[in-house]
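To begin, one chain is listed below as structure tokens, in the form predicted on its own.
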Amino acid sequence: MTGSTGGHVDGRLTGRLIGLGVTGSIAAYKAVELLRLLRAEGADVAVMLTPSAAQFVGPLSFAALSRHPVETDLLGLLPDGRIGHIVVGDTADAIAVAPATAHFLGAMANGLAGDVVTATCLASRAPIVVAPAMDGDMWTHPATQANVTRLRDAFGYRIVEPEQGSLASGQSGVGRLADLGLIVDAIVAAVADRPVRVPEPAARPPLVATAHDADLTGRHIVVSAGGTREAIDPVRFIGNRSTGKMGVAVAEAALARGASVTVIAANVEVPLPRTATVARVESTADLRAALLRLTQRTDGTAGYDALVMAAAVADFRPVAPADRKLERAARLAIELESTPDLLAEVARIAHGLDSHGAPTRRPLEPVPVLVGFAAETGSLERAGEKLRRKGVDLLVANDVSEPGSGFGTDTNRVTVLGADGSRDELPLLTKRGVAERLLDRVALALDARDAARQTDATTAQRSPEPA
């Protein structure tokens, strides 16, 4: 039987959230195995690292195993704006600090919060289990023993005392981190007579995106990002509120999945991926020129496997921009014209269609997967019509007036519409999470495309030649 932690057999900690604090002892590497044991008991685990602990074991290992953000910064925020270590303190059923240094013991005994581990413990009413590890003389020092006594007797902490054994100093003595099984047992005992503190997943630390296979290896993905600007005069322009965060998230996710990525970057306010090829543009005309250069090679084949058009293209531009700065006036009338629908134009080229939708030339070989974005306000009623009009395979629609789903946010709530009639309404996710879910669809579409081409080629080879 599986428990609520996603794939783990029900154990003594099923349904529990355990905060795991790791401090700067050389035994920090053992905390990775402790995390595995807690997960094996069914626990959901959120990890906090002090700066010195991160020098021994990096956050990536803990994030991959726990599937939660690793708290390392007192000022760190979750994607939804909550303070990370406060969320752990408020929702954990128990907090275990293993290994705990002499510095941690002294800080906690005196109520000092200088890092995320001490701050989480001070901010929480959950039972706290402490497993010290340090040099033998440090452990037996009267100051350390006084701090341990105060934590145990005055604060009610459960102390899993260190064991006799070889120490990092090369000496042998009491100071070695206790057996991990004993630490798990102490955590189980700490929560045994308590109900699950906060069972609602939404109140707990969020899950991070799971790792993906390199399912885009060998693919060329083009991503447009940011907002275009249309000149009014040499110093003023018409633009939009796009920051480029969504496009950059798609580019980073595609790179992580093995793709070769070209970013067509309009006005962006976030760093671009260093390993991507970058083409800088400003206006809609610039963006169109970059797209046409990339879409079709001189031999008529496709220049990329997929295009993700995440850029916010200005819908209007001045008919006649001034060649010198306009003087200030009480009123200024500017005649605007619509900009061309760049994605619809690329779709026509890809499928060999003219501006009326009639087949007039050979489609690109192979036909790329095309993805569009539609920023709406109030409802997504027009998204289906935009999907058909643009001729794309997927359209990602969102209501930018919804909190957490607009320009400049780190999160997004989108609906992914497919040309096959599918409609996938995603929950509020980080923009990287949205990118991963979108690329799942792109990878499947590319695999299906290539499988169909292979089938067609095999059928053609087997067809008898005319007599």
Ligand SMILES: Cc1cc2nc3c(=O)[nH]c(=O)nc-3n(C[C@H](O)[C@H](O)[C@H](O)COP(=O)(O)O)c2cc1C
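The shown structure was predicted, so the numbers you read here are calculated from the model rather than taken from an experiment. In case it trips you up, residue 1 is the first one in the sequence shown, and so on. Only the largest set of C-alpha atoms that superpose within 1.5 Å between the two forms is called the rigid core.
FYI, the form predicted in complex with this ligand isn't displayed, but the following is about it.
Contact annotation: of the candidates V268, A102, I238, L78, the single residue with a non-hydrogen atom within 4.5 angstroms of this ligand in the predicted complex is A102. For the candidate set M138, A383, L151, A186, a heavy atom within 4.5 Å of this ligand in the predicted complex is found for exactly one residue, namely M138. In the predicted complex, this ligand stays beyond 4.5 Å of every heavy atom belonging to V32. Contact annotation for D115: at least one heavy atom lies within 4.5 Å of this ligand in the predicted complex.
Within this chain, M134 lines the site of this ligand in the predicted complex, having a heavy atom no more than 4.5 Å away. With a 4.5 Å cutoff on heavy atoms, T50 counts as touching this ligand in the predicted complex. Contact with this ligand in the predicted complex, judged as any non-hydrogen atom within 4.5 angstroms, is confined among 36-44, 423-431, 395-403, 23-31 to 23-31. Fitting the two forms on the rigid core leaves the C-alpha of A435 displaced by under 2 angstroms between the shown form and the other one. Relative to the superposed core, A53 undergoes a Cα shift of 2 Å or more between the shown form and the other one. The Cα shift for D137 between the shown form and the other one, taken after rigid core superposition, is 2 angstroms or larger.
Note: F56-P273 Cα separation is 3 Å or more longer in the predicted complex than here.
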